[in-house]
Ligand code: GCU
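Heads up, the chain below is alone and in the form predicted on its own; it's given as structure tokens.
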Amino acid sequence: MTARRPVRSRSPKHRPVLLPAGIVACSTTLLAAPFPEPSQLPVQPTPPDPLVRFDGQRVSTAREWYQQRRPELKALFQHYMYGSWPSAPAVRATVERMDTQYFGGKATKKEVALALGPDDAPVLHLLVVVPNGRRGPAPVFVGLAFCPICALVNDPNLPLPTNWMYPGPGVRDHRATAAIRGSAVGTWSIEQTIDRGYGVAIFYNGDVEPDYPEAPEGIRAWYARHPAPASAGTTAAEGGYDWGAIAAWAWGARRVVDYLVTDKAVDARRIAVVGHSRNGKASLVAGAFDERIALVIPHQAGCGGTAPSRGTIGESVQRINTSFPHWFNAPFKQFNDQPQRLPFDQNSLIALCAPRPVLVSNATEDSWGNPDGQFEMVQGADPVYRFLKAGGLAARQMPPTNQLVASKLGFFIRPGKHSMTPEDWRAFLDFADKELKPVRPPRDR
């Protein structure tokens, strides 16, 4: 089945476009033979080498990496940390509103509703803004936000959401008020991104999975009410899937990619993903498991994202599992007191993105996120990139503040706190300028 171009209409009555299920030609549940119980795994005080297989054999060829070790690492991360999740459903995309003269005519804006399954499945509300006047489709940043799309721009026409919200400006009792409109303009810097020639496709993570334990309106609860057929490697939890919220948000980002690859205004070969903090963790998982994502920016992702699970600075495995028990699967909690038994560390998750570029970014005052440890994880992924002849990290030590390391594995740290700012976006865009060069179509033979 070939996906049709999304409907482009200003009318309030829209015909949804059905995107094909299984649009990604890869398996999402990769669990094969049973793995040992966490207590039976060997203690490894330092992060395991991504190029050494679970049986102790070293990877010797690129073919072995792609066909054996990479699938094995994916299975290990799913089994012991993030959980198993459903394959791509048939996502229904409806363009609800469109404005071709956005930002004073500089851009075209679309509000897209993505139904993540049948009629009673959650709906993801996507804000897509692409620059006008380009020659050809635009590269696009997929963004995972902590706020609804009406907070991302100063636009009174965007409707207020009715679902659960994080505490913050314009939120009362976890529900949005009119004051939430435009409250995150500085965080996402959409107009700056448009001026640099890039588009955005941003959604609120709570549309996919609200950020609290056992949320009844999330995608995980929906799958629990619609159990999957029993199969090897799945559990009774969550209807056959044991995924946590981090994996659910990453899964939602991949459904956005399902839509974007059908949109002719978007360059499907130049899709980046970016998220901050817990959304940074999810953005890295999305990039590691979806090769359609061409560039990955996990910003201040910390423990469970780009910081080491074996780290002794900042948040620990025990603390994150205690404070946020819904983020990861049940086996990960068995590593609370023994993270040294994990058969991987986050350098391996970064390495799963190889040979695609990854930018890890931080702030000096964000000690809870362990910037030094994150730099060590990037260093730990470097051997895989170089093994695959993809380049690597062009820095032997943490760079000075505000100095972007714009190699295939990039790093950036600025003064300040745990946040996402226009300054961060300038670094993101500079990195993308280098790594997402326009892809020229092949010449006719």
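Don't overthink the numbering: it's just position in the shown sequence, from 1. Only a predicted model underlies this, so the values are computations on that prediction, with no experimental measurement involved.
Below, we refer to the form predicted in complex with the named molecule, which is not included among the displayed structures.
request  = Quick one: from W327, W164, F375, Y80, grab the residue that has a heavy atom within 4.5 Å of the named molecule in the model of the complex.
outcome  = When the named molecule is considered in the model of the complex, the option within 4.5 Å is W327.
inquiry  = If the cut-off is 4.5 angstroms on heavy atoms, which of these, E191, E291, E315, D155, is the one near the named molecule in the model of the complex?
reply    = The option sitting close enough to the partner is E315.
task = Give a yes/no on whether S277 approaches the named molecule to within 4.5 Å in the model of the complex, heavy atoms considered.
result = Residue-level check for S277: yes, a contact with the named molecule.
request  = Answer yes if any heavy atom of R386 is within 4.5 Å of a heavy atom of the named molecule in the model of the complex; otherwise answer no.
outcome  = Result no; R386 lies far from the named molecule in the model of the complex.
task = Report yes if any heavy atom of H418 sits within 4.5 Å of a heavy atom of the named molecule in the model of the complex; otherwise report no.
result = Looking in the model of the complex, residue contacts with the named molecule include H418, since a heavy atom lies within 4.5 Å.
ask   = Taking heavy atoms only, is W368 within 4.5 angstroms of the named molecule in the model of the complex?
value = Flag for W368 set to yes.
ask   = Out of the stretches listed (347 to 355, 278 to 286, 91 to 99, 194 to 202), which one is close to the named molecule in the model of the complex, meaning heavy atoms within 4.5 Å?
value = That would be 278 to 286.
inquiry  = Is the named molecule in the model of the complex close enough to V128, F141 and A250 that every residue in that trio has a heavy atom within 4.5 angstroms of it?
reply    = No: none of V128, F141 and A250 comes within 4.5 Å of the named molecule in the model of the complex.
Within 4.5 Å of the named molecule in the model of the complex: residues from 130 to 153 (heavy atom criterion) = Contacts from 130 to 153: just F146.
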